[in-house]
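Starting off, we have a lone chain in the form predicted alone, written out as structure tokens.
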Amino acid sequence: MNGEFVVTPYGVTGDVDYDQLIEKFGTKRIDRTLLDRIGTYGPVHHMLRRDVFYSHRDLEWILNEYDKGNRFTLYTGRGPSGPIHLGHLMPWSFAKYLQDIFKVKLWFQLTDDEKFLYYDNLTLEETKKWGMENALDIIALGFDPKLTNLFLDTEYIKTMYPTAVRAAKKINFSTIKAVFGFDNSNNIGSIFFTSIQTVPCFLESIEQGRKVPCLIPCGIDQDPHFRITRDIAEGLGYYKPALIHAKLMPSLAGSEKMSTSSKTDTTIFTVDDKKTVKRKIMSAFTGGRVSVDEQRKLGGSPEICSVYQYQSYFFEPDDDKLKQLFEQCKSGKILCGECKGILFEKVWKFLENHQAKREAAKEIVDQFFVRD
């Protein structure tokens, strides 16, 4: 955090300086050496090549363990409070990439309890319902059912609670206040929740009866939760979880984080219809000039354009094609309307396929869930 931006698990505001976050959070940048090493296991994902996943904690260590035959497990999650948008899919699709190249198990936590505790307008029944709805989007990404465990906290709490209590005993209120900015107005459930979010890091260790490394792919905004987890992990008898952090996918309005609960016109949801998707993209913020003539003459600014960022983060994995798009924009050879049209075609093609897979997921959803 600084005076211009705030990054916590519960809110992101301002123009985020990702280099400063590395310094403030005490993480490490993913460098060329580490990218080359990842390339020995399989193709390097475009989100790694483009610095979207850009920061880590102990990634070298977890690869060392993997090379020694101590295979890691993956952990990520979702706080179910509404429909899924494209920003949610970004780290999950990266988690699938990790599952595919390393052939490792994924524990996927649906925190229906957390969203009930933090949102006054949601009942526990509603957050559970959203959890089951959100699970369809997760399954639609193509995770291996034999290597993927989804669970709702309220349905898996018998398994988690003994470890959560042990974790809670090692975390004092002053730590929670310092990390999350809580005060006396926060309900005691929200104060306890970090203990619950700690447990999935250790579920594979609990299941196997031995210490298993855990890698967490997540947005950089979620790192504070796991700084606390890392502080107490060894005292609980487990490895510290490793993390790999993504930058936050912007909304169609530009720099701000995509949101489920507000400004829905600048957020594309997986259940949006074709007309809605087109309207949102055609209204997106761009780096264009005030007139066609001026853009033809001076070119646009793709580095601040949400349409270009969508291509870079998610929808154009080919580096040469992305570079060509950048150069065409900078030179004025392509106008904003044409660029929006290109993005719309890609987004809708993806969503049309995703929505079909999402519907099919209803028939197999129980194959993915673990329950007490």
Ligand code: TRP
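Position 1 is the first residue in the sequence shown; the rest follow in order. Source: prediction; values computed, not measured.
As for the form predicted together with this ligand, it is not shown, yet the points below apply to it.
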{"property": "Options 180-188, 288-296, 134-142, 69-77; stretch whose heavy atom lies within 4.5 Å of this ligand in the predicted bound form", "result": "69-77"}
{"property": "In the predicted bound form, the one of Q222, T267, T148, S195 near this ligand [non-hydrogen atom within 4.5 angstroms]", "result": "Q222"}
{"property": "This ligand: the contacting residue among C218, A284, L248, V104 in the predicted bound form [heavy atom, 4.5 Å]", "result": "C218"}
{"property": "K128, heavy atom within 4.5 angstroms of this ligand in the predicted bound form", "result": "no"}
{"property": "Partner contact for D272 in the predicted bound form: this ligand, 4.5 angstroms, heavy atom", "result": "no"}
{"property": "Contact flag, E114 vs this ligand in the predicted bound form, heavy atom cut 4.5 Å", "result": "yes"}
{"property": "Partner contact for Q109 in the predicted bound form: this ligand, 4.5 angstroms, heavy atom", "result": "yes"}
